[in-house]
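Next up: just one chain, as structure tokens, the form predicted on its own.
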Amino acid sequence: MTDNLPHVRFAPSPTGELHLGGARTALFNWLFARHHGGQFHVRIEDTDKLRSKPEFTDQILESLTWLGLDWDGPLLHQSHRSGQYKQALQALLKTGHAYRCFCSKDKLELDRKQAAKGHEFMYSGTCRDLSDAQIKIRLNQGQTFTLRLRIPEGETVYDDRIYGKVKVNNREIDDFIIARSDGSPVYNLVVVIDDHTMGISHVIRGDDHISNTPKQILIYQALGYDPPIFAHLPMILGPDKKRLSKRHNAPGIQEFRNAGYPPAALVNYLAMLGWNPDTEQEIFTPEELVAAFRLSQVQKKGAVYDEKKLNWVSSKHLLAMTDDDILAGIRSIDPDWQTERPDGYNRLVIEQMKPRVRSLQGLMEDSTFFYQVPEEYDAKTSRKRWPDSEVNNLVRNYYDHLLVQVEWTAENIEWLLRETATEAIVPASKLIHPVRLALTGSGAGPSLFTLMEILGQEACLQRLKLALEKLP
């Protein structure tokens, strides 16, 4: 690229849904590009024909879109670029940077078994210096071959934007395979060609790729390309401080979406996994993240996934959302949610519930009592708050007062309750708790009197009467 602005990429393999680690990698690339006015590209690495599925590609792209990680330019699919890879392989053979290896799998396996214990197996270079005549004989015999990169002497050095200077002695790298016996190129080759073609200036990816980087730099050099700048992100860890994986039951992005986490909340949380801004601020909008993000503030140490912290971040974002936006978010999950009720009523419910939940799904589940008569009463709360018939007498007195109440407002409802408690010479809490139980079936919820105003007089009287019949 000639614009001198950063060009980065996210290159998922469509062999499964987008997970937290992949989403965090995409996010850091997107933040870096947007902060510097550069471009964020997406490449689908779908050369694994057996495991790559179009539905996974669709799901990954939908997840990126849901997170707000818009990309620049068209998608690039590796499966459409076999011609470019073949050209590069031929160029490497022609310049002598690559050579044919006729060693069979059996021979390589034998060499591997005979390697010194405690040492990583390295190819011995059996075919490295075959003459043209020897190569011709083997080709005429129909022997299959792989292509290997001829590793030069010396060192491979690069400055990682997170890990600092990395130096590898080339003696530690064997002449690795760059094309299989069926002619298909391997990962390390195709990413180099793709990144060069796309004009990628910075490769920002997980630190599980650190071992690949020296090999890729050698391929860049063999092809006469300028290597990009590398930055390797720390892994996301589970509570056991091991790499986050399926064994930790970590949800994929689609599951967070289905659960109704606001995308801005998940973006906020993912940004804080490994990035330490020079501020005590923890809640960021996507726009604030773009403005604040610095690659130099990404730490080397792995970040631990903490579901409780995610829920806290999510609750803060929900609280900042408008009731209309929350309603729209709920309807994106369930288009039929409470459509039999006026949206004005639904907004009142949302206003009361959003300070108490961590996700839209949680709001939908926890607000059921606004729409349905409780089918049962929480047993523990019942034993504590409605232990005997004394409570029935107290609630019945309140019911009688409510029965003739003309102006149904939270203020009047509260005044009547406190008057009823005063008449009975008991604290107001002795009445507040059983009334809440009768109305909601549980011992917790939003402001009781606002709840009663929203439910309306008829519904409240119906529920109180039902509870008087069923309890204690």
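Quick caveat: nothing in here was measured; it's all calculated off a predicted structure. A residue's number is simply how far along the shown sequence it sits, counting from 1.
Not on display, but discussed next: the form predicted together with glutamic acid (GLU).
Contact check for Met452: every heavy atom lies farther than 4.5 Å from glutamic acid (GLU) in the predicted complex. When contacts are judged by a 4.5 Å heavy atom cut-off, Ala11 counts as touching glutamic acid (GLU) in the predicted complex. Residue contact with glutamic acid (GLU) in the predicted complex: Glu45 places a heavy atom within 4.5 Å of it. Although the partner is absent here, His202 is not a contact residue: none of its heavy atoms lies within 4.5 angstroms of glutamic acid (GLU) in the predicted complex. If you check glutamic acid (GLU) in the predicted complex, you find no heavy atom from any of Leu237, Lys301 and Tyr305 within 4.5 Å. Note on the partner interface in the predicted complex: the residue among Ile219, Leu394, Ile330, Val191 having a heavy atom within 4.5 angstroms of glutamic acid (GLU) is Val191. Between the options His209, Arg81, His196, Lys316, the residue in contact with glutamic acid (GLU) in the predicted complex by a heavy atom within 4.5 angstroms is His209.
Residues within 4.5 angstroms of glutamic acid (GLU) in the predicted complex, judged by any non-hydrogen atom, belong to 183-191 and to none of the other stretches in 375-383, 255-263, 183-191, 121-129.
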